[in-house]
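We've got the same protein chain twice here, in two forms, each standing alone as structure tokens: structure 1 and structure 2.
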Structure 1
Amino acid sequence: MKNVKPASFFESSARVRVAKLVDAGSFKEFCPPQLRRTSPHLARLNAPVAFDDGVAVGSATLAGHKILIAAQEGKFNGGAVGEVHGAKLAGLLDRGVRELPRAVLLLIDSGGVRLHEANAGLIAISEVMRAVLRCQEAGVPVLALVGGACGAFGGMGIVTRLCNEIIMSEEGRLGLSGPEVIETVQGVEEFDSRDRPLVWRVTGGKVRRALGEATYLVDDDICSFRSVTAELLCRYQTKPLAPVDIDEISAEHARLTERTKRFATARDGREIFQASGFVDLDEVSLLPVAKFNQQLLESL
């Protein structure tokens, strides 16, 4: 059908994201749904299970580059990480160390640890963290793509920041504690989770890009995610990833220290936008992505 909009990353399921991101028909799934490796812990708590436990992992090519890819399903239990889900992610990254693909892509859409199996989820996330670092040590870049309704929070927010690149859409969110949690514990004055514009000004794609946390901001369509990813894969082909050394870590340390000083009292993304050279702060939220990126570039 004509007149149909390009497939939205935000709206699509994890499987559709994968299918449309990689070269057509190239996705080969590991531990696929028909193996029925569902969560025994959800079942014991009488909660619905999913055949893939909320994450699809496999290999594919993207613009001809061999990659490994994982996609979390945000609609299933908020993309939360349980034992099986986490093991699939960790296993994929282990495979990365062995197979040395051009990159491992993580399509992150998760609130973090799954409460029904919280201990298993927490350990799993730390295993995923270590596996990401092992991949990178082996010279395999790990890229995070964030643009789903659950964003990347909790432990998966940390995993995202371990990645070599973070490609975000404006709709995506990245943080540690969700606004609801902060509101529940600290009160609505601290963070009004129902003030959605505020939530996006604190955790959304644009503020993350302005801070330099996200390395790319793209439109909310799978094609845009694909073209930036393809570009990055080419770049890693020409210039392979070198393991992080102490100078790089120290530079990151200086950058974060500087941020803490510079925004010592900031509580609203408007302060970040202002510091990034945006003048009309009311307009920032509605700026098309290309324009936002251009203005950001000009102010640097």
Structure 2
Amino acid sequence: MKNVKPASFFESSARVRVAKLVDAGSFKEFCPPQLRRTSPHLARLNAPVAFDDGVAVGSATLAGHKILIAAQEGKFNGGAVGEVHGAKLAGLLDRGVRELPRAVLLLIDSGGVRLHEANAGLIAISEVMRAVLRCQEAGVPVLALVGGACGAFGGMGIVTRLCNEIIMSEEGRLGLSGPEVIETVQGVEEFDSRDRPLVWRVTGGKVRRALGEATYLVDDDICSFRSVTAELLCRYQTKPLAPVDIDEISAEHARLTERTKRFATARDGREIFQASGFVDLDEVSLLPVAKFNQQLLESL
């Protein structure tokens, strides 16, 4: 049998990610490109538009579980959120409140708010945040999958951290301000966005997993993302999302307090890895994901 090369999550388009992640042929798109719901702000600025405004949303099944799913297209405006783009995300999440799927999946690949329509984009991000919380209040978990070239930054970085689970690849990145933004505002001495090892030591999947911000670290192939997501959907079927009580909140506060003490002096990923129990710091970036996860688990 001929070996099939794994499909890279990092290199795939939004629609390829959806097609290979969900059950074959199950994706039904809402507000598809045929409707041509483009950004009015981009059009007024004579800027290029996309007929889906850079995000595909719809329903599907994954391992037989009914889900709602959104996938941002990082190749259009860096996956940035504008009025129409944000409305599609918020509308999908509100549909989750009505239809109560097993989960809502957000395939996040975004640098944040679209500068061309900053005010509309900021409002849209706030609406998406509130919609995530409404979904969770209704008992529907929201899962973030992060492994695209644009990562999850700005407003979408905050949205990611609101999610119940964050599944990242080593190639994925997560943060508030992106490296280019920090360099522009504070200068290259503060953060050299061209220093790729530095960028991934600060924002990459391995360091986010070591900090406990990403709940899972997977290989950069869509099948790995699908496998972990399917396990989570089964888990939420067995143990549905329930309102958080005061004891759980106190336990989370205690965990975050301990994390703050543990990494109080860490300046970047190398020092975080050292505090996490890794001995050969030069080897960490070369470790296969499975071995990294094993060593991290042994150190906890």
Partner chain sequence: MNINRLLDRLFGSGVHSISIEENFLHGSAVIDGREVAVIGTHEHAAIDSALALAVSASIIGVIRDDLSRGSSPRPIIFMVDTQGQTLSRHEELLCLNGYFAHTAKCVDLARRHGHQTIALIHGEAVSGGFLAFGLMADRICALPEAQVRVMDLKAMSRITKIPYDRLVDLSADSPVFAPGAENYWRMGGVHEIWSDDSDWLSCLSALLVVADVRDRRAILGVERGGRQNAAPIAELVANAL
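Only a predicted model underlies this, so the values are computations on that prediction, with no experimental measurement involved. We call the rigid core the largest set of C-alpha positions that still match within 1.5 Å between the two forms. Numbering runs along the sequence of structure 1, starting at 1.
Identify which of the two structures, 1 or 2, is the form predicted alone. It is the second structure (the form predicted alone) rather than the first.
Is it true that Cys234 shifts between structures 1 and 2 by 2 Å or more at the Cα, once the core is aligned? Moves: no, less than 2 Å.
Determine whether the C-alpha of Ser250 shifts by 2 Å or more between structures 1 and 2 once the rigid core is superposed. Yes, its C-alpha moves 2 Å or more.
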